[in-house]
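Take a look at this one chain, the form predicted on its own, written out in structure tokens.
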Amino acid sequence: MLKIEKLHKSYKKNSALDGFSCELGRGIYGLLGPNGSGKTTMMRCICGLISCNSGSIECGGDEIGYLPQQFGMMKALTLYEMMEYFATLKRIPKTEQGEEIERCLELVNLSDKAKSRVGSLSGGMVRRSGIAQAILGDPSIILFDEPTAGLDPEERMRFKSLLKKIRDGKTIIVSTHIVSDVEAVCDSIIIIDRGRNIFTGSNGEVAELARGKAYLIEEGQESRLIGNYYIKDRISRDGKSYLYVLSDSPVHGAARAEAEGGIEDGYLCALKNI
């Protein structure tokens, strides 16, 4: 269980978190928000890396694993030596470290790189090593900050598979601004903007935010748009160009989009107050 109440954090005159609150049980949660919305600051506060100005965080004494947005390792060491270092920091008994390190490296498809020096690893391998150290010791709470940055499509799919394998009995938060990273694996989605929790719900509840609000209008007909709206995309169809628009008001003369964008449209509606 992870409970966050009215979390505030400011850097000089800039507010990174503005009364953020949420209560999370066991499961996988997607933390969606644009760059600068407060995702990384919140994760750092949960880990105790930075202190908040006010508010509270309760985690029931559970151990926390953390993959930071910027992750690096000592290049002169081998990957296995680096994992031993992390295992020691996590107070994993020496007699148990070898088996646990092998388990985690296998989960991220890096078993064959255990004896390679960190400096010889690619950026994607370093990122996967960061995922491995986050799950080392089987913590009850795991925080992934932009975990798929730098991963190729195959490894992105492997990461989603990993989440399904390790999810039992855990609270996992995946912070990202990429909707496709969370929609297939997350039980719930938290949308954060300007340091506030603006919506929390299931994938279906997020998609519902956009139901009946997606329209296609011919390009050049923007004058028909009233109220709150957001032009999401431009589409070519039958030799004509159309705008894919999310609008909280009916668009005169426009057709409803045949296939609505689901979670991504709901996420945009929440951000744009549509």
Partner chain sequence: MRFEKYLNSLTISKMALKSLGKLFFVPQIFMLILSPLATYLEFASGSGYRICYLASYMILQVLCPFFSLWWPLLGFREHIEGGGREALLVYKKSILRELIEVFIFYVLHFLLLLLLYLLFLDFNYFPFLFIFLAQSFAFFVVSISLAFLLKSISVPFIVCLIYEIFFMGAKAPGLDFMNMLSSYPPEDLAGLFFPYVFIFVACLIILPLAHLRFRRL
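Just so we're clear, the structure is a prediction, and the values are computed from it rather than from any experiment. Numbering follows the first chain given and starts at 1.
The form predicted in complex with its partner chain exists for this protein as well; it is not shown, and the discussion that follows is about that form.
K.L.:
So, Q70, L77 and Q133: all three within 4.5 Å of its partner chain in the predicted complex by heavy atoms, or not?
P.N.:
Yes.
K.L.:
In the predicted complex, which of 26 to 34, 201 to 209, 39 to 47, 226 to 234 comes within 4.5 Å of its partner chain (heavy atoms)?
P.N.:
The contacting stretch is 39 to 47.
K.L.:
Of the options D193, E100, E84, D187, which one has a non-hydrogen atom that comes within 4.5 Å of its partner chain in the predicted complex?
P.N.:
Selected option: E84.
K.L.:
Given that its partner chain is left out here, which of S161, S122, T88, S180 has a heavy atom within 4.5 Å of it in the predicted complex?
P.N.:
By the 4.5 Å criterion, the partner-contacting residue is T88.
K.L.:
How about Y215: is it within 4.5 Å of its partner chain in the predicted complex, going by heavy atoms?
P.N.:
Answer no; every heavy atom of Y215 is more than 4.5 Å from its partner chain in the predicted complex.
K.L.:
Does the 4.5 Å heavy atom contact test between I64 and its partner chain in the predicted complex come out positive?
P.N.:
Yes, I64 sits close enough to its partner chain in the predicted complex that at least one of its heavy atoms falls within 4.5 Å.
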